[in-house]
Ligand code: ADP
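First comes one chain, alone, set out as structure tokens in the form predicted on its own.
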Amino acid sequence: MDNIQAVKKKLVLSQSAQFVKGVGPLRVKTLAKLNIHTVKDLLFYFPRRYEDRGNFKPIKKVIIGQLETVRGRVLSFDTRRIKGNRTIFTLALGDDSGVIYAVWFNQPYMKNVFAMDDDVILYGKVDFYGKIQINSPEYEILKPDEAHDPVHTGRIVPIYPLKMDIGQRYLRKLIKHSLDHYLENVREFIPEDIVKRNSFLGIKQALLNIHFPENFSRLEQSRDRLIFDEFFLLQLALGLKRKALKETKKGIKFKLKSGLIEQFKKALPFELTNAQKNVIKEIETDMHQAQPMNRLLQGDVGSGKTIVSIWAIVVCAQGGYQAALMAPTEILAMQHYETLHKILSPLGINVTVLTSGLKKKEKEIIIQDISADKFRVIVGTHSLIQDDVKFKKLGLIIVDEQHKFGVMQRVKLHQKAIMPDVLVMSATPIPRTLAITVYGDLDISTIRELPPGRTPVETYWISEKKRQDLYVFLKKKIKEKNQVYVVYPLVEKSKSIDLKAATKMYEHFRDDVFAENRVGLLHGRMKDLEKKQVMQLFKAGDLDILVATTVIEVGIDVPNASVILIEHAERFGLSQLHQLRGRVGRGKTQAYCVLLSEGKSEDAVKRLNAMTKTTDGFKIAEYDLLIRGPGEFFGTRQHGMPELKIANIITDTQQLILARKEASEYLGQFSQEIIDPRNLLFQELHNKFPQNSDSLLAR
């Protein structure tokens, strides 16, 4: 009987939102834009903020520079034109204490939105420009019959993330109706002892109070419970995946001691850092185990990840297996090939490179040789995952700049071998809380120490008015035999965006500003052979200035390049700016990064200031997370992660650590129970991670 009731409740929650009162066939299409498809989606569509509409602050008490919510009557409004055929719409809103002005730029249609004496709520940052005002505030017009409606006012009111054609009041009423009629069908899926041990609210109470909280204390309790739920499910899924890898897969048990690794050690022209030595120990321990290695190696630009990966390649090669190294660009793949060939050939380890730029016949021969085991090390781009590429005995996969690849691309390479060891490398370091969320199924090694002798790159943010001084500086550096990168966000000038472009500025530099110097051009639309030739010229010192797009972002190593100028720096992400900066400072000369930007937006200013404050990639990553948030920082779809609806990896660290601990303990005791399809916890896991749970059932 209980099972029948449970199935009925599940069916109610999974039915289309179309059948909820107030929706219907047209509205359901609109709700789909918010990713709301079912009754359950409505209950789990969380507010982004709240307004205390039981206690509105009088207008005269608002604080300049702060976000404020006020309520009043529309006293007047008008639209006026300013220069450049632009418009300003101004609304005067008053209460018993005073008047505040709401201002919208270039939105003349706003005059049709409001009427005199409308009861309006405004939310936004308060400024003072001769009068107290809020620019482009969020607003809500209360209808006469809703002025005292407890759904919209007289309480802590939820404010939801919306699309243009869905209103706050409509969605608020719809969710309130859903809570009143369908909340009873929601079942507790977190184990009872975990709920009790952590004094969590029950799931029904948490959902009710996350939408319409009794008070702010109840709201915080609700958030804690729902954040824990998201992190707990995520950590369970990652833990199950990790457990499955270790329990069911027999990999290659590489031997560590042989003459080859000793020869390699002796041939190293420099002393390894302690951080590199520690990471090598971790990798050797993994490779000596019967279970396949599944490790992330993260470190800042120039921290020496490549030599660590070569160590793993030598261990693989001395065992008679092939190693494949996949890089995101042809330029980086060629650079890796040259480095590996130089170091490994004297040890008798054959290295080849496979890229799309090779001629057809040349490519066919290399593919045949790979399948015949004539090469121990194969470097390549996406070409490595083509169907016709067959490895004879693939034992180690290394993926460089792994965030440039999608999940399926890495899986496809993995499928070309039987239980190979996997090492993924990233020069975009991420804080530990994000690492255990995104890479919870991987062991993580981190190199935080830079090789000795590295001088930090000096970084400056300058405006357009300093351009001529900048040119004088660049000419001085070139005269001192330094080489220069100049980076642009566009290849060619765009009609829709007013930005300087690489091709146009290359011609300007070559013909006018730096006519006496040797100037080259590099961008992604050039043919592979052209790109290769330009890079060879620059590396050989036959070019003074290389004008480029972000094609140089990853991995290019030219020790004599000591200056990088990034134009329109506000157009680049923070981690991208840091990666670009990493192209210089690889030699003994003091290196400089110059950010030329007129960027005035709040985020742009934060990014550019962060670049001038630190050269530490880990700190840069933390700044980037704070500015962009985890969703944008790490594209969740690309990495197979679900979207977190309420949890935030940056601000909810304690809940994440707690969820990881509880998930680990639960897995240790009840891993078999979790994969029972009748288990509510499994059903929730299946909803979030359908591919993971299907593979678990198949075991």
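On a predicted model such as this, the values are computed, not experimentally measured, just so you know. Note that residue numbering begins at 1 and tracks the sequence as displayed.
Quick note: we don't show the form predicted together with this ligand, though the next part is all about it.
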> Tell me, which of Q221, T459, T153, T273 has a heavy atom within 4.5 angstroms of this ligand in the model of the complex?
Replying inline: T273
>> Between R586, R376, R172, K539, only one gets a heavy atom within 4.5 angstroms of this ligand in the model of the complex; which residue is that?
In response: R586
> Wondering, does P328 line up within 4.5 Å of this ligand in the model of the complex on heavy atoms?
Replying inline: no
> Could you tell me if R454 has a non-hydrogen atom within 4.5 Å of this ligand in the model of the complex?
Replying inline: yes
>> With the partner left out here, check for me: in the model of the complex, does some heavy atom of K241 sit within 4.5 Å of this ligand?
In response: no
> Looking in the model of the complex, any heavy atom of A610 within 4.5 Å of this ligand?
Replying inline: no
> Thinking of this ligand in the model of the complex, which stretch from 367 to 375, 317 to 325, 300 to 308, 527 to 535 has heavy atoms inside 4.5 Å of it?
Replying inline: 300 to 308
